[in-house]
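This document starts with one chain, in the form predicted alone, laid out as structure tokens.
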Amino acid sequence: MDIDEFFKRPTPLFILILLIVILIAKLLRLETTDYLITIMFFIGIAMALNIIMGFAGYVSFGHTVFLGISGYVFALLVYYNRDFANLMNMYSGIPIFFIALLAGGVSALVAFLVGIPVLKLKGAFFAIATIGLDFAALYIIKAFIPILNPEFFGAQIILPAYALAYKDNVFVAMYITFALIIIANYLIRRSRFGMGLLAISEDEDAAEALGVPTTKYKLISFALSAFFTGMLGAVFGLNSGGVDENLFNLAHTIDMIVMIVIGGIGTVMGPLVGSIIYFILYDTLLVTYPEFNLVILGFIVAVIVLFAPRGVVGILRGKQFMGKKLRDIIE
């Protein structure tokens, strides 16, 4: 695909505009650094889950386990390794990104090993198995971390001053991670691998009969999804000054799933749009109605799911513009 065709498509343009807007907001201080890091985290976790859920059709209810695993790996690396800790505030925070790559790699390895037996399950059985994985990992962490260091009471690791990073450096690491995840989603969706995942989502048996290596593709997508989710958990944990068992909270997974459903399953644009809508609603309601925000948010999400089951982008893909079907150009 040449550069002209690339920029005729809404999805890459939207990605480019989104990345530029976040960068401008940071440079002009239109929003706080914490706010921008949080919105990138929200969008990022939806895009990470999209690789296995949106493309392959496997709903993982325990995906937050990878936030927790990599969050703890990152925290332990910078807590016990002064070289890593010293690097974090050098070179505009880019070393944070590379340390997060290591932490994400651990989650990818766990996902690959666990995925070998778990991905043989389908539907509700796969979802239940992933929830079990989350609880199993949480109990291991709660048992192991305090033994490793008695100061980690309740499996909470509060990073000391030498292991903290400047907010601007954390922003740079999150921005690079965020951009990588979005671009990876687009490239996967446009690739033969992505077409294979969509075929699995439509009819796995038929896809295998047609020559799609379903087992291989599912394992790769699950590992990639875990890898990116883990990177986000690592950087976000650093931004919070430490990690605790809340990283394993299933609420994070619910957020991921809802954002994808709101925007539209099986697309790149869907989770992007859905996560922005969800974050704006969540943030606005949390400030305006702190006691009832979850009830109101739940009602709004229920209405969207009932009346727009294909999501916002799903509705647009069925429309025409200037004689062309939007589904032919939106990705």
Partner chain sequence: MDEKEIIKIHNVTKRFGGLVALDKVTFNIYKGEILGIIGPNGAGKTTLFNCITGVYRPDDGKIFFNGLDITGKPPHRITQLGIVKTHQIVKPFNEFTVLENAMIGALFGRRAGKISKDEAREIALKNLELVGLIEKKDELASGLTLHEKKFLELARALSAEPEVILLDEALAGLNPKEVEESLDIVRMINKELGKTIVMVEHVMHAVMNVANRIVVLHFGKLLAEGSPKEVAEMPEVITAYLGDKDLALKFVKR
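Residue numbers count along the first chain shown, from 1. Note that the coordinates shown come from a computational prediction; the quantities given were computed from them, not determined experimentally.
The same protein has a further form, the form predicted together with the partner chain, not shown here; the description that follows concerns it.
*asked:* Can you tell me whether Ala199 touches the partner chain? I mean in the predicted complex, with a 4.5 angstroms heavy atom cut-off.
replied: Ala199: contacts the partner chain in the predicted complex.
*Touches the partner chain in the predicted complex: Asp83 (any heavy atom, 4.5 Å)*: Residue-level check for Asp83: no, no contact with the partner chain.
*May I ask you to check whether Glu151 falls inside a 4.5 Å heavy atom distance of the partner chain in the predicted complex?*
Answer no; every heavy atom of Glu151 is more than 4.5 Å from the partner chain in the predicted complex.
*Contact of Leu102 with the partner chain in the predicted complex (heavy atom, 4.5 Å)*: Taking the distances in the predicted complex, the answer for Leu102 is no, it never comes within 4.5 Å of the partner chain.
_Listed residue that, although the partner chain is not shown, lies within 4.5 Å of it in the predicted complex (heavy atoms), from Tyr217, Tyr186, Tyr175, Tyr79_ = Comparing distances to the partner chain in the predicted complex, the residue within 4.5 Å is Tyr217.
*Which residue among Gly132, Gly242, Pro146, Pro213 has a heavy atom within 4.5 angstroms of the partner chain in the predicted complex?*
The option sitting close enough to the partner is Pro213.
_Segment assignment from 188-196, 110-118, 167-175, 234-242: heavy atom within 4.5 Å of the partner chain in the predicted complex_ = Stretch 188-196 is the one.
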